[in-house]
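We've got the same protein chain twice here, in two forms, each standing alone as structure tokens: structure 1 and structure 2.
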Structure 1
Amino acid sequence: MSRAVITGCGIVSALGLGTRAFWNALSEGRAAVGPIRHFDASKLPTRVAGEVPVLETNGTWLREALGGHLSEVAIEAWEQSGALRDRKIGFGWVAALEAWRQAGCGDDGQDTWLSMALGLEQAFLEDFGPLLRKEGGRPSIDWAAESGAPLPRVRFRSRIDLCAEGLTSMLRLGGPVIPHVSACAAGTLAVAHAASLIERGAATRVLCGASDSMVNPLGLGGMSRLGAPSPRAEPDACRPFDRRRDGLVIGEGAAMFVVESEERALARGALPLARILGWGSTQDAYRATAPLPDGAMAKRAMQQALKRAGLSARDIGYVNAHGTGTPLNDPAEARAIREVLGHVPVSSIKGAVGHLMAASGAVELAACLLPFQRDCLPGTAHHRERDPECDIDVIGERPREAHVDTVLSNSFGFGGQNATIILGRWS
């Protein structure tokens, strides 16, 4: 059986572009949630986000961010199609290219699979204007007018797999594309799937990770209607495991990894960043609108990951929690962590970068590399008051120095999908 290792990592988040910016900020305990800047959100129910500091993900930005890796003709074609309006497309490309370069993969992607978690299509509500009619006093959309409407090629919504399609073309990836859409568990499942493909010998190299952005009117508005975001439009709106927590903050960005077999990585002189030791997934099968209160299925996902890794609870040195800062998630997760792992340092980076939805698991996995890179456990931004309902060792706002060899990351999706992954220090 081949062992899966991570040899490259790339990140785009509210903390900036690139792994260095991300790890530096987490090491210093900085947070980046603030007022939304790239469109006027002042009249929306949610006005703060973990927004990537890029005002417009257009061709000009792409030329600079991709450093000439995408041809001028291709950039113009993507821009004219209207697809770059969907921010997660460019974010995914930039993160993937950083991971690809860091891993030293060169130009040959023919043997590489792509396992990528992608958020929902971005809806472009403004595109519906030319089709909107009123018939008998009620609104209706005249779909027959769609083909003649003066709209860009990507109308109404971006297609889910556009980011993946661009990547396969840009990096000449020759393997199958696996678009994971398991909501907030998808990023973790995409990386776990990559490791599974390596272990079973189906693939020798997989580019994997996630990209998402719901920092747009329908994304923010839809989540607000569900009551998930904090009602406070403040930088500390998300306070994971804090007694005063009152909801999540939406974030955006991407994290991508190159995962390959350890033998192949070493043979080509690549230096692994971590081993992928185990993973597990379960379903709450409880309610469409709430997580299982006792965390039983989250607990089982962690137990499965430990079993697959051949580890015991005391081997885990740090837990990167899903930790959304919502009243329901945090107590259920805390209970599951306590029952499976006991007294282990736990933090959530969602207070610092927001909840990246489909990309949350991937970006949080990138945070899990920090202990191996710098002997530093990320802190929990805006966690100030301990909650007896979350009776675990929550690392506060300041990061904690520690040397750990094994870390565990949880991701739980809307709808009850749970995923856990365990990384080990490579030495």
Structure 2
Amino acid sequence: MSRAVITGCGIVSALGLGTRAFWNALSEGRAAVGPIRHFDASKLPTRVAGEVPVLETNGTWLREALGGHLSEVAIEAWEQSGALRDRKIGFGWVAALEAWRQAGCGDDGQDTWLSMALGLEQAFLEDFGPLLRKEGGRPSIDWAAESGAPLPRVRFRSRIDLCAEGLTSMLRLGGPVIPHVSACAAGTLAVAHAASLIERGAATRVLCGASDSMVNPLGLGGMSRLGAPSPRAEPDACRPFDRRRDGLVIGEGAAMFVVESEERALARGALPLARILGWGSTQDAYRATAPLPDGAMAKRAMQQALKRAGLSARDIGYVNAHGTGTPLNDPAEARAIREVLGHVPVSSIKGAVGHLMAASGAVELAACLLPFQRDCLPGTAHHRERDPECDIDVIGERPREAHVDTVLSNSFGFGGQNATIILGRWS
């Protein structure tokens, strides 16, 4: 059985573009949630986000960010199609290129698979706005208003794998493409799937990770209707595991990884960033937008990951929690962590970068590389008041120095999807 290792990592987040900006900010305990700038959110109930510091993800930005890796013809075609309005497409490309370069990969992607989690948002409010009508006092969409559309009920939908399509072209990837759409656990599952392909010999190299952005009027409005975001439009809107927590804050961005067999990596002189040791996945089968209160299935996902890794609870040196800062998620997760792992340092980076939805697990896995890179455990931005309902060792706002060899990351999603992945220090 081949061992799966991570040899490249690329990140786009509210903390900036690139792994260096991301790890520097986490090492310094900085947070980047603030007022939304790339559109007018003043009339929305949610007006703050973990927004990537890019006002327009247009062709001009891509030319600079990709440095010629996507042809001028291709960039113009993507821009004319209108697809670049979807910020997660460009974020995914930029993160993937950084991971590809960091791993030392070149024009040899013919046998490389792509395992990628993508957000499911396929249209924007600006598409629907001109067609909104009121019938009997109730809003509706006049699907017949554009008579030239061949399939009126689906014409605004774009394919969810456009980011993946652009990546396969830009990096000339020749292997199968696998989109993951399991909500906020999807990013973790995309990486776990890559590791499983490596372990069983189905693939020798996989580009994997996630990209998402719901920082737009339709995305924010929908989440607000669910009551998930904090009602406070403040930089500390998300306060994971804090007694005062009152909801999440939405973020955006991408994290991509090159995962390959350890043999292949060492043979070509690549230096692994970490080993992928184990993973687990379960389903709450409870409610669409609420976790199982006793955390039983989250607990089982962690137990599965430990078993697959051949580790015991005392081997885990740090937990990067899903830690949404919502009233229901944090106590359930804290209960599961305490019962499985006992007293172990735990933090959540969602107070610093927001909840990146489908990309959250991937970006948080990138944060899990920080202990191996700098002997530093990320802090939990805006965690100031301990909650007895979250009786675990929560790292506060300042990062904690520590040398650990094994870290565990949790990701839980709407629909009851739970995923856990364990990384080990490579030496």
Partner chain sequence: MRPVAVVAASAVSARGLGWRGLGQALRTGTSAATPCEALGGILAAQVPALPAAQDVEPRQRKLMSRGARLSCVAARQLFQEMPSLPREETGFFLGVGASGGAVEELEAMLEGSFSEAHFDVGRFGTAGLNACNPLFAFQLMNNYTLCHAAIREGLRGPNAAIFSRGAGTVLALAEARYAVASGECETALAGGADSALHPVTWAELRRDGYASVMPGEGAAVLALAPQGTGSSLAILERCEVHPRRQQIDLSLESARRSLIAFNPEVVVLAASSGRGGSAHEIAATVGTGAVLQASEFFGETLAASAALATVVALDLLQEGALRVGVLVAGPDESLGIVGLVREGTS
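Please note that residue numbering is based on structure 1, beginning with 1 at the start of its sequence. Throughout, rigid core stands for the largest set of C-alpha atoms superposing within 1.5 Å between the two forms. Quick caveat, the model's predicted, so the values are computed rather than measured.
Chemist: Between the first and the second structure, which is the form predicted together with its partner chain?
Modeler: It is structure 1; that copy is the form predicted together with its partner chain.
Chemist: Aligned on the rigid core, do the two forms place the Cα of residue 111 2 Å or more apart, comparing between structure 1 and structure 2?
Modeler: Shift of 2 Å or more: no.
Chemist: Using a rigid core superposition, assess whether residue 129 undergoes a CA shift of 2 Å or more between structure 1 and structure 2.
Modeler: Result for residue 129: yes, a 2 Å-plus shift.
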